[in-house]
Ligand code: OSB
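To begin, one chain is listed below as structure tokens, in the form predicted alone.
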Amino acid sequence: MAVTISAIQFHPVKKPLKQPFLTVLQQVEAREATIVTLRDADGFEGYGECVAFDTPWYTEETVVGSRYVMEKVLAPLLIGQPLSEPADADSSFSAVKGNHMAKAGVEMAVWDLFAKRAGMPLHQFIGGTSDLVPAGVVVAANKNDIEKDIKQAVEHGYRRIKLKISPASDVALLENAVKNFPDTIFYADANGSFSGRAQKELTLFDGVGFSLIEQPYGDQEWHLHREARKAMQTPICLDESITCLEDVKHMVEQQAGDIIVLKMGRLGGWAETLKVVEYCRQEQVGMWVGGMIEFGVSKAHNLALASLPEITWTGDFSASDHFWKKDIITPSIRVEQGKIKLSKDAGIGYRLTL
């Protein structure tokens, strides 16, 4: 039976972070996003979240620009149109170039709605096999008290910690920190900061003990990632380089990485993301789900994604109170014994508290 979307609403949300989130690209002190609510003719609701930032420091999309595209371009393409399956929304948007985060914000709500109509949790609706997802957080690595922050994260139950690194990072300090927490999995995220630097500066980090190094070079510097992969024992993971299925195919052809970060906002939503997952399964490419300092709606979608059996690396999943004093969903997302238990309720399993 076809589903007809009868109404779409867009809710701006802005909250200060409990503490600034620092990368080599930007320091984020407050987060603004757009929550998408859509309804069908039978009264079912679906929730999505557009994760564009307020300025174009991460991608070219912004909160204001993506909201305009969602309201003026995407919504008219969807309202009143019969959808036989949630992937039809992606097909409806195919004539619109780019604007992946805007598309994802709306398309995610369609998948939530379809799961609710089916009376199934979203993670089961998309074929997930686990109702427990390992939790992981990010810690800035450019300060002398890094072990204090790592210890605090471990005490809160996190068993995977991602450290932000750059050519200015103290390698000896990092190596000592990793050694002092032998039961913790450590990733390193460079956010492209080694672009323009000699490869030997990156290889200094090869002996630290990281499980992977994420995006050492620029998003189009495939040859540098290929050379780093050849020269280093630590697996190379690509994040900003991956915006569509073709990018993953290019990475495999160029032998430029071992692992990718899945971010639905950057890929354009569920339909494209699931194509990427299937391709990576076939090609035996490692995957994990990355965070965007998002609110609970986007995080709930990401948790459902991480329940797929093909995704074996621990992603960026923190409790609701990690970034915010109060999230926009209820109940709160909680970390217990290093994992997050997925909701058994239909759809994303959470209610909005805007």
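Numbers for residues come from their place in the sequence shown, where the first is 1. Fair warning: this is a prediction, and the values are worked out from it, not measured in the lab.
As for the form predicted in complex with the ligand, it is not shown, yet the points below apply to it.
S.K.: Going by a heavy atom distance of 4.5 Å, is His225 a contact of the ligand in the model of the complex?
M.R.: The answer is no: His225 has no heavy atom within 4.5 Å of the ligand.
S.K.: Spell out, yes or no, whether the shortest heavy atom distance between Lys263 and the ligand in the model of the complex is within 4.5 Å.
M.R.: Judged by the heavy-atom cut-off of 4.5 Å, Lys263 is in contact with the ligand in the model of the complex.
S.K.: Does at least one non-hydrogen atom of Trp57 fall within 4.5 angstroms of the ligand in the model of the complex?
M.R.: Looking in the model of the complex, residue contacts with the ligand include Trp57, since a heavy atom lies within 4.5 Å.
S.K.: Though only this chain appears here, would Trp313 touch the ligand in the model of the complex if you measure heavy atom gaps against 4.5 Å?
M.R.: Close contact is absent here: in the model of the complex, Trp313 is far from the ligand, nothing within 4.5 Å, heavy atoms only.
S.K.: By the heavy atom within 4.5 Å rule, which residue out of Glu294, Asp40, Glu61, Asp327 makes contact with the ligand in the model of the complex?
M.R.: Looking at the other structure, the residue within range turns out to be Glu294.
S.K.: Considering non-hydrogen atoms and a 4.5 Å limit, which listed residue (Arg159, Lys164, Arg229, Lys116) is close to the ligand in the model of the complex?
M.R.: Spelling it out, the residue with a heavy atom inside the cut-off is Lys164.
S.K.: If contact means any heavy atom within 4.5 Å, which of 183-191, 270-278, 242-250, 92-100 contacts the ligand in the model of the complex?
M.R.: Only one stretch passes the 4.5 Å heavy-atom test: 183-191.
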